[in-house]
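Below sits a lone chain in structure tokens, taken as the form predicted on its own.
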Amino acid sequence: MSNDNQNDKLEAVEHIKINSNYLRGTIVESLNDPITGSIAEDDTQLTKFHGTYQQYDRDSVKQRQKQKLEPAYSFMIRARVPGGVCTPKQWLAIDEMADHYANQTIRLTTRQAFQFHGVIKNKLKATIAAINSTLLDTLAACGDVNRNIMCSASPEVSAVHEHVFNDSVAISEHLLPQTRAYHEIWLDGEKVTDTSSSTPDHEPVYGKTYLPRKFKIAVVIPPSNDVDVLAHDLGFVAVVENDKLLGYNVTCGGGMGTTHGDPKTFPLLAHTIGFCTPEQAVAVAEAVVKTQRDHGCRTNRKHARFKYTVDDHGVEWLQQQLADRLGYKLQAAKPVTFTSHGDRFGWQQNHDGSWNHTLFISNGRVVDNEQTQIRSALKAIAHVHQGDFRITPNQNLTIAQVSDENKAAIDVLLTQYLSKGQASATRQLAMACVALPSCTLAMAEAERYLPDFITQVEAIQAKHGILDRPISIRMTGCPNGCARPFVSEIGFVGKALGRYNMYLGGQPNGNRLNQLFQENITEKEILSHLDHLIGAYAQTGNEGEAFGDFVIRSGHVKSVTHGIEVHMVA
């Protein structure tokens, strides 16, 4: 087949990348166009690599159409925060930006980053520049590249966290795009073109067309699986003996996104393919990313994630690819055990005598309203805190590395701003994506609906006398899987307004996918099913048995062995 014919079959996004001059496109021209609040269609693909998505307010679109106005366009900006760690000074700057540029809220993401919503086009450049002034950035927070790398956030007794976190940052920095377009467009850096510069842009890891799709990496310290490591394209599982980091088990080929009605798309859990030393981790990450660069599908974006590359070619093929690129084979994987994938709340003491306090933040939305004063609380704490903040993979926030002397002062502020009532165990585990009104892909509500829905679930649990037993519930407005619903004990995936697909049977440690239980059902139907299932769980569940294990043992769904089984109704 000729190269011309191959190019004709490429996805449209591939041509946009090829012709973009290393992610420049016509972004500058789009930003300077005063006629519209949007940017050119091709540029909406390229700006993702720079950390921003164009959105519009879907609640107001019909009214604006009647007024013959274009949609109320705005932009979501996502920062890159490797491992979710930021300083109190950075937090205060982020808080100020939420007022000055965005919608007065900060959104903590399921990838340990933060997002601003509601940024209008003429503030977009200033917002990204302001984020950079805090020594954070938005480069590669989105797009067909490695995105924000995750790392276990609350290793209360781990003496190796600093080492593991530093390895995470090293991998993140090594896999950053090298194009100077980001600094040129957003930070007024020197303009560079392929023809005029003696040192043109070059992407040693990604090449001119970057990756076929987004790529996600997580680093985890067992026994907690707070990052859901097996749900990622690439994972590094810390192997620790006697408080020393021996290295990492390497996992490949996980991913959550699917497409409704397309049986060729499905979630997958990663395979453990071997073990590497800490010194080898960066090279291993590069080799895996380059394998996906060279072999990932570029003619069908629905089949372009690394999970399909691994599933199509097999684990042995991948191991050989890495051996050829690295010049050595990975060692045999070491035994590890995961026990949970949630957060530990309240005060926990670290190995060095300092303290961590993890706060529950409903759906990661840092806001002041009638229900919570969490934004004011964190702002006040940031003024006195001398450690760091850690965004958790479950959309919560850890006030970390607190000294004995400072602990009492932070306790006073927590009491002043926040209610003493503790969220239920089920509410603490719940997660949702943003969905409506801003996400253009959303088919149903998620973030706005989940808190009230969990209240109804809590009522069912209380009715059956098991309100104290945690059940992992995750909800997304579409099947792209941003809140990792396919590894929760109960998952809800939006199908249409007020309707969801309901999945059951994930494992509390993130080691098993769930399975479709009911399709396209309403709240009334969902609550009826939950009343029956939770009632049976309360009556016949074994002591210490998790809900996800119970529904499999009781025959409500099957234990999934491959992602293609997830969408098969039991």
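Bear in mind that the values here come from a model prediction, so they are computed numbers and not experimental data. Sequential numbering from 1, following the sequence displayed.
Only in words, not in the display: the form predicted together with siroheme, which the text now covers.
- Only one of 341, 385, 390, 305 comes within 4.5 Å of siroheme in the model of the complex through a heavy atom, and that residue is 305.
- In terms of contact with siroheme in the model of the complex, the residue from 179, 398, 115, 461 that brings a heavy atom within 4.5 Å is 115.
- The candidate spot formed by 141, 432 and 440 is fully in contact with siroheme in the model of the complex: every one of the three has a heavy atom within 4.5 Å.
- Although the partner is absent here, residue 55 sits close enough that one of its heavy atoms falls within 4.5 Å of siroheme in the model of the complex.
- Contact check for residue 381: no non-hydrogen atom falls within 4.5 Å of siroheme in the model of the complex.
- None of the heavy atoms of residue 252 is located within 4.5 Å of siroheme in the model of the complex.
- In the model of the complex, no heavy atom of residue 234 sits within 4.5 Å of siroheme.
- Here the chain stands alone, but in the model of the complex its contact with siroheme, taken as any heavy atom within 4.5 Å, falls in 482-490 among 482-490, 404-412, 273-281, 96-104.
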